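Single chain ahead, by itself, as structure tokens, in the form predicted on its own.
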């Protein structure tokens, strides 16, 4: 094939091994949502029945689309935008397919802007918990403390700034000296912290209730809404459609198995989410708290428990340190696609690219910060009232539109536009039947299921009414 100027002559470093890629991609997938959202959804969706539906959705959505993202990334070995531009040219497809790269990169950047603010809250709560701020406080006081904190823009800005600086420093150091060293340290620490919390929770007095909450199979709770929730969790929990897996895949060594790596990432992500449930919900039940409190579980409900229990300062601090590591590993994957694009396309050094990207994300994050104070405004999204201005807008646009749309387009491009011999060569599947199954699911099943999810996210409340 003749190479033309559509190809960007920039060579990125690679992961030193497949295991590092698995750690990095797992770190991208494991974020703040895994710690509370997945366990909560399992408990409310029928326990083991929800897990079963989730695993089916992982097989039909998560694994095929993740394999597709890694395939595309490794074949072009460029940032998401340049990957789609190069592959569209090489496969004789329309140049408009590069829009998928722009969509993923913009989505990741937008998520990073508000994700960093929430991660800053988590970072602040490490020090608040360690300082005994919540010790022996009543629920009303703890809720009030959180309300005062998030509506203080100067304090939240300081923590947002600190977290973004932490993220930028790692990414600025490069693939092997920065990203790889970070995930090789942070992911084992995350697992150790999580297992320590599970071990502690086993003696909290609420472990049996939590285990039943998470794993007791109740198929009567599997309504269409719950099934769509499992479908959405299978998609969103794996960091699909935002360019993170695609750029990490571009650093994957050529001899590494894409299918094997994907299965390990999906398995690790699911195990972490379930362990998080076994760490959090025994504490919730032992203290008579509400397991269905959603996002406030982290910053309002759990501090009540940590403030009352023996050793609560230590274990509460450990819990928020765990959250910081989970947020940190996700944040570096969100910033990486834009940094890679700047180094490839604009010829900027890695340090400057990271500082510029982190700086713009930090600046955009100010809109989220002010959404809880002076710039708060209410609006309605498809008939649903929202009160936190730009924060809600960013969250709704990415979750309900750009992420699932990106997932659909990636599946369609990998399944229909990449020539079979090229995808078979890149996937390196030993079995012809295995390749045919991947191709069929990627072409027909995954886009349809994610399309159903997209329609539900946009218009589901009308059907529920």
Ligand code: TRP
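Between two forms, the rigid core is defined as the largest C-alpha subset superposing within 1.5 Å. Everything quoted here is computed from the prediction, not taken from an experiment. Positions refer to the first chain, counted from 1.
As for the form predicted together with the named molecule, it is not shown, yet the points below apply to it.
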Practice item. Quick one: find which of 55-63, 26-34, 430-438, 416-424 has residues within 4.5 Å of the named molecule in the predicted complex by heavy atom distance. Key: 26-34
Study note, to complete from the structure: the named molecule in the predicted complex has a heavy atom of only one listed residue within 4.5 Å, and of 320, 251, 213, 235 that residue is 235
Revision key, fill the gap. Residue within 4.5 Å of the named molecule in the predicted complex by heavy atom, from 84, 247, 354, 240, is 240
Check your understanding: Is it the case that 76, 102 and 340 all touch the named molecule in the predicted complex, with a non-hydrogen atom of each within 4.5 angstroms?
Key -> no
Exercise for review: Verify the contact flag for residue 167: yes if a non-hydrogen atom of it lies within 4.5 Å of a non-hydrogen atom of the named molecule in the predicted complex, no if not.
Suggested key: no
Check your understanding: Is there any non-hydrogen atom of residue 115 lying within 4.5 Å of the named molecule in the predicted complex?
Key -> yes
Review point. Applying a 4.5 Å heavy atom distance criterion, does residue 111 contact the named molecule in the predicted complex?
Key: yes
Check your understanding: Might residue 403 be said to contact the named molecule in the predicted complex, defining contact as any heavy atom within 4.5 Å?
Key -> yes
Review point. After a core superposition, would you say residue 37 shifts its C-alpha by at least 2 Å between this form and the one not shown?
Key: yes
Check your understanding: C-alpha of residue 270: shift of 2 angstroms or more between this form and the one not shown, rigid core aligned?
Key -> yes
Exercise for review: Please say whether, between this form and the one not shown, the C-alpha of residue 190 moves by 2 Å or more once the core is aligned.
Suggested key: yes
